[in-house]
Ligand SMILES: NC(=O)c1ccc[n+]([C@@H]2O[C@H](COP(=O)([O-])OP(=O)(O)OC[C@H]3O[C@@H](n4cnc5c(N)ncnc54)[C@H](O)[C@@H]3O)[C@@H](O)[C@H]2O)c1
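Next up: just one chain, as structure tokens, the form predicted alone.
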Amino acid sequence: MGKKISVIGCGKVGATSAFALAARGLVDEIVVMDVAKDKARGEAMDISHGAIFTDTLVRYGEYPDVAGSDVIVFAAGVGRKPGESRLDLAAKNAAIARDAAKEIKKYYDGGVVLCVTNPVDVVTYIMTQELKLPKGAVIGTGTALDSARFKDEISKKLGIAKSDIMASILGEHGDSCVPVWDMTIVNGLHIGAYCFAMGIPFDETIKTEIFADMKTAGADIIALKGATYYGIASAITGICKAIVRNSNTMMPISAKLNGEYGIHNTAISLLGIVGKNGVSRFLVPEIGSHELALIKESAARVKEVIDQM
């Protein structure tokens, strides 16, 4: 049987992600669906034309078509408006997620549920509770996009290739996210050692500038063009690749935590090993006490919202 991805939600993020997946030829079949059925049909046709140089079948579908999927991408919901935080969306998109979970449960027969809808950590937790799938089978894109933006800002600030940078943002996909400088590596060297060798100042000022520019990037894009979708589509494609190829790739990923760093009953991003069954485990390397405290604060913030849902 060929590899299959179902994408629920054909807004800008869902449609762009389906196109990115199809253009990569990552799987044999992509099914797109949306409550706006005509839009979903149109997106399926358009994406199919755009994927003409791959062998990927792109078609319209409905909830019964999630059966047989290796990945079910949940991207349905309302988007963030200028001036609105991701957590402002919680009540509206939590209700949409619960309704979708009821439909998914009717036809689910395996695979990983990848949540994209914001606030993604809250939605990931709700989907986990509603679907009751094996541990790790429901995950969220979490801080995958934040980490990509973090690398981009480091690259621009230090004048180095993005491909040479290993860096992660952990915690909430939102205002309380945490840059883990202790784990930021440039081609094998800690970023501080690299900057020292290159004669580049690396102090709190430059770290604050890099993090601030990363943190406001999403809001800046929304203010300029109304929505962000290329970056998250790339992150989704990377996560789906790790799943369908069972590559056991280490990446920042959101899922319900069960005691990692002493955190329970919430969902935030930590470094996870991602393969065909979702996140098989989280790594909990030793990090600085200040960064650890910030991660725990971030988890508590998300849990507070979850408890209100």
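Everything numeric here is computed off the predicted structure, so don't read it as measured data. Position 1 is the first residue in the sequence shown; the rest follow in order.
As for the form predicted together with this ligand, it is not shown, yet the points below apply to it.
Undergrad: Tell me, which of 78, 185, 198, 206 has a heavy atom within 4.5 angstroms of this ligand in the model of the complex?
TA: By the 4.5 Å heavy-atom cutoff, the listed residue in contact is 78.
Undergrad: Taking 4.5 angstroms as the heavy atom distance cut-off, pick the stretch from 190-198, 90-98, 158-166, 127-135 that is near this ligand in the model of the complex.
TA: Every other range fails; the passing one is 90-98.
Undergrad: Hey, in the model of the complex, is residue 24 touching this ligand, heavy atoms inside 4.5 Å?
TA: It does not: once this ligand is placed as it appears in the model of the complex, residue 24 has no heavy atom within 4.5 Å of it.
Undergrad: With the partner left out of view, is residue 118 within 4.5 angstroms of this ligand in the model of the complex by any non-hydrogen atom?
TA: Judged by the heavy-atom cut-off of 4.5 Å, residue 118 is in contact with this ligand in the model of the complex.
Undergrad: Looking in the model of the complex, any heavy atom of residue 261 within 4.5 Å of this ligand?
TA: No, residue 261 sits far enough from this ligand in the model of the complex that none of its heavy atoms falls within 4.5 Å.
Undergrad: Test of understanding: in the model of the complex, would residue 57 fall inside 4.5 Å of this ligand by heavy atoms?
TA: Output for residue 57 is no: heavy atoms all beyond 4.5 Å of this ligand.
Undergrad: Any chance 9, 12 and 228 all have a heavy atom within 4.5 Å of this ligand in the model of the complex?
TA: Verified in the model of the complex; spot residues all in contact, yes.
Undergrad: Could you list which residues of 14-36 come within 4.5 Å of this ligand in the model of the complex, counting heavy atoms only?
TA: Residues within 4.5 Å: 14, 34, 35, 36.
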